[in-house]
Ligand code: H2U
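The form predicted on its own is given below as one chain in structure tokens.
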């Protein structure tokens, strides 16, 4: 029998941020992007859509009217999933039926007044304005006494649940730390206690050294396909300096984050020559007033496209019932992304 090789044989990979294992089956699809590739036509959208409830000057679904904004624009979500005035309450039936009230706040960030754009099509300076708004919203909302976590995210594309193509993201803020960042916080703290160093500082340095899963980088941030990636072309943007939140970034680092976001977004669009769908989220330290020395700022991108714009990958079957699984190795995904142009559709 030939010796084990992770590019050829089934194996599992450990995610130190969550403590979970990912099953990798590279033998099933050695070159997943070969064969017929269907490219649906790119949707051409106007710079202004009179029917869009996020465009400047238009009436929103809740009846309020947007100002004639010229850059970014933030407003309280008209249909919040979390509310600031929920009465305190708890249910506990023998430790089996347990529930608690949860206060919070939800906002929408319009990245640009131009209805036709996405992050891949925005100038780096305009994305920098979005980064500044993310930081200011994190500061402002995180200062509220009942908010302990600020989750900034974007769903891009209808298949990711986005009901409006206008360039925008969301902020959901919780009274408690949500499940995913809570788990990451536990594992980052455990790593620091055991090794005396930061998990993502060490991991980021290792990825820069190996280069095999590196997609792009600058002096301040790197974009990698994580060793433990689950989604086909999943990536993670990691700050190269140890910072716990957006508020700790220097002006140069904010520019660097905007630069890597744009370069990665362009590569995503070039991958299958579509406006590439994904869910993106920023993970940073809680806003509970406590010290979090282990927390390291990073962004997750979870895109569902596997072989083309029409072949997608969702969590089903074995993945829902047993264990996350992928055929495309992180190394192959990174190689594919790394080879793409940073000019859109060239």
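Positions refer to the first chain, counted from 1. Since we're looking at a predicted model, the values are computed, not measured.
Beyond what is shown, the protein has a form predicted in complex with the named molecule; the following relates to that form.
Judged by heavy atoms within 4.5 Å of the named molecule in the model of the complex, the contact stretch among the candidates 164-172, 119-127, 87-95, 220-228 is 164-172. Proximity of 60, 108 and 155 to the named molecule in the model of the complex is complete: all three residues have a non-hydrogen atom within 4.5 angstroms.
Note on contacts: among 202, 210, 78, 273, the single residue with a heavy atom within 4.5 Å of the named molecule in the model of the complex is 78. Interface membership of residue 53, defined by any non-hydrogen atom within 4.5 Å of the named molecule in the model of the complex, is confirmed.
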